[in-house]
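Quick heads-up: it's one chain on its own, the form predicted on its own, in structure tokens.
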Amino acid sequence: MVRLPYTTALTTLFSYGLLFVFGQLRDFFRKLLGWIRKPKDQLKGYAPICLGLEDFYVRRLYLRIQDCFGRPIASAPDSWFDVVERCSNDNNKTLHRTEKTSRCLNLGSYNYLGFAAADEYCTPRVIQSLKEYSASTCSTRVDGGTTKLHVELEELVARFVGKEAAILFGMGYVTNSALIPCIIGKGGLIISDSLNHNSIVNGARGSGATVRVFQHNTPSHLEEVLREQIAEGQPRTHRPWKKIIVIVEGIYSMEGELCKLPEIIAVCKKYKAYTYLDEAHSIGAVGKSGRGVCELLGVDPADVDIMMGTFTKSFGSCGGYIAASKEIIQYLKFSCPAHLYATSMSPPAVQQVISAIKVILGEDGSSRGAQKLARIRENSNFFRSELQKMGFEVLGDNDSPVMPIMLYNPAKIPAFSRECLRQNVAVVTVAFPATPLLLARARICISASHTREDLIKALENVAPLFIPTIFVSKGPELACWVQHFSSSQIVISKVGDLIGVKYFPAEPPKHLNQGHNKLE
């Protein structure tokens, strides 16, 4: 959990207050001077579709920094990729692509195991499946959209995660939002982690079930909520709940934290509640053999009633899956609208996942899968520890490839993003409404395709402006360290100092020096 310091909270609120006040003043004077013109396509008598605080937020806050979001790329999302440069002639209201690209270190994509780029085992098989099946089945699974590849992948996924059966979906987001209403409805109780993904939130809202929230990753509060709700029963009637489902994530995508799954499973068993585990960011990325948080934390997959995951992160493809008992999967095949009415997964995308899982399991005849898993674990733990040594406030747990760097202040969001891009490092910044208003952050995603040299370059650039103000004044004992690093090109540390997002004191430079020599 983030414990926001009072001074940081006050300065952040003050910054948003200034933006809000000046935005309201600008809107007032635009109306006063008659600068607002009604859209030509607005019909007389119709209310405007975009109106209110949401429209104000987009116009007065988001558009100021929209160049930091949605940056187009012109290559595969490997460890390095090409970012298309954009320009604006109207103060960021509209952005225009240019013909120029910048070669940037990719710290934003979910390419955890490096399968998103060309792979010696996966790519030839994907190309062959494209020739054999074409790009789309042009049909739903219950009509003509099931190929032998879909059946093979369902069996492979079930075996990989340790469940009896599995079902595929063409989109990860829909896997949650369309499936949850199928397994619970009116008279049921959903207890959801307070920081669950939006797909879970929308799925829970659309189910018609009563929804209660427990404090993020806090099993003791989950038990309090369960005990209270079981005692009270359904609203008004106080009848017993038809069923209770507790929904958690394996790795929380905006926090990088591992779920306290063993404790949560124990609570659910005690109160006879079902467990729904979203492993979108953990499956394939953590665990000795890539089987997710169950393997990492020593939980028997049989203790998790429903396991959800996506193929968009560790497997370099698209779509999602649900793994559970044969009874549940058979029920979903007859009732889930995402299975009945949506076009099935593209056959080449299915083949990509099949090939990636076989590499992870070593069924390709090599040890590349084990090497990738070891590399992402080493890269993640190295990068996290170095960021913390430098004084950044980094969320998350060891072994997690997701590491948010807290920015807080709205002015630091574009400053951090633009300066990193100028240094040829592509990062993702996240703000409201994806996070709470005061908790803006930069989210770093580490990949097995990153080399140690890539990570060192991204970590610590001691620029000439930064050196004399921080280190030279501290005496001759740091002279060797300054001389060693003054010639290196290391980015995030420099950017952090330039815009002031190191909220904790950095460790003495000798630790970084020792670590660097050890790597060499």
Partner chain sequence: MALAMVNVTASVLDWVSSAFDAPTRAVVFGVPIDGHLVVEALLVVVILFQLTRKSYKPPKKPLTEKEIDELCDDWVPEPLTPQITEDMMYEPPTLESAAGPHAIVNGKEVVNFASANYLGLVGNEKITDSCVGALEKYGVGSCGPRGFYGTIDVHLDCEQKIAKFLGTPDSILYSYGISTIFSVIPAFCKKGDIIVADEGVHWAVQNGLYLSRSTVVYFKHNDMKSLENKLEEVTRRSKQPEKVRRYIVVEAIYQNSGQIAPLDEIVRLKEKYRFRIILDESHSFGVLGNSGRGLADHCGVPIEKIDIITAGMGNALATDGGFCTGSVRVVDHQRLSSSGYVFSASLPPYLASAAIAAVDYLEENPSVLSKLRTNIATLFNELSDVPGLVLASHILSPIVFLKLKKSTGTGKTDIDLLDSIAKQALEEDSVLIATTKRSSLDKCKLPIGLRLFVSASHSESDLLKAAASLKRVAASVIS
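Computed from a predicted model, the values in this text were never measured in an experiment. Numbering follows the first chain given and starts at 1.
The next section is about a form of this same protein that is not shown, the form predicted together with the partner chain.
Colleague: Looking at 361-369, 393-401, 268-276, 378-386, which one sits within 4.5 Å of the partner chain in the model of the complex if you count heavy atoms only?
Modeller: Stretch 268-276 is the one.
Colleague: If the criterion is a non-hydrogen atom within 4.5 angstroms, does every one of 7, 215 and 493 touch the partner chain in the model of the complex?
Modeller: The answer is no; none of 7, 215 and 493 reaches the partner chain.
Colleague: In the model of the complex, which of the listed residues (259, 444, 286, 116) lies with a heavy atom within 4.5 Å of the partner chain?
Modeller: Among 259, 444, 286, 116, a heavy atom within 4.5 Å of the partner chain in the model of the complex occurs only for 116.
Colleague: May I ask you to choose, among 102, 343, 210, 88, the residue with a heavy atom within 4.5 Å of the partner chain in the model of the complex?
Modeller: Answer to the contact question: 343.
Colleague: Answer yes if any heavy atom of residue 374 is within 4.5 Å of a heavy atom of the partner chain in the model of the complex; otherwise answer no.
Modeller: Heavy-atom contact with the partner chain at 4.5 Å: absent for residue 374.
Colleague: Look up in the model of the complex whether residue 419 has a non-hydrogen atom within 4.5 angstroms of the partner chain, and give yes or no.
Modeller: Contact with the partner chain, no.
Colleague: Taking heavy atoms and a 4.5 Å cut-off, does residue 160 contact the partner chain in the model of the complex?
Modeller: Output for residue 160 is no: heavy atoms all beyond 4.5 Å of the partner chain.
Colleague: Is there a heavy atom of residue 92 no more than 4.5 Å from a heavy atom of the partner chain in the model of the complex?
Modeller: Because no heavy atom of residue 92 falls inside 4.5 Å of the partner chain in the model of the complex, the answer is no.
Colleague: Taking the partner chain as it sits in the model of the complex, which residues of 209-224 have a non-hydrogen atom within 4.5 Å of it? Please list them.
Modeller: Contacting residues: none.
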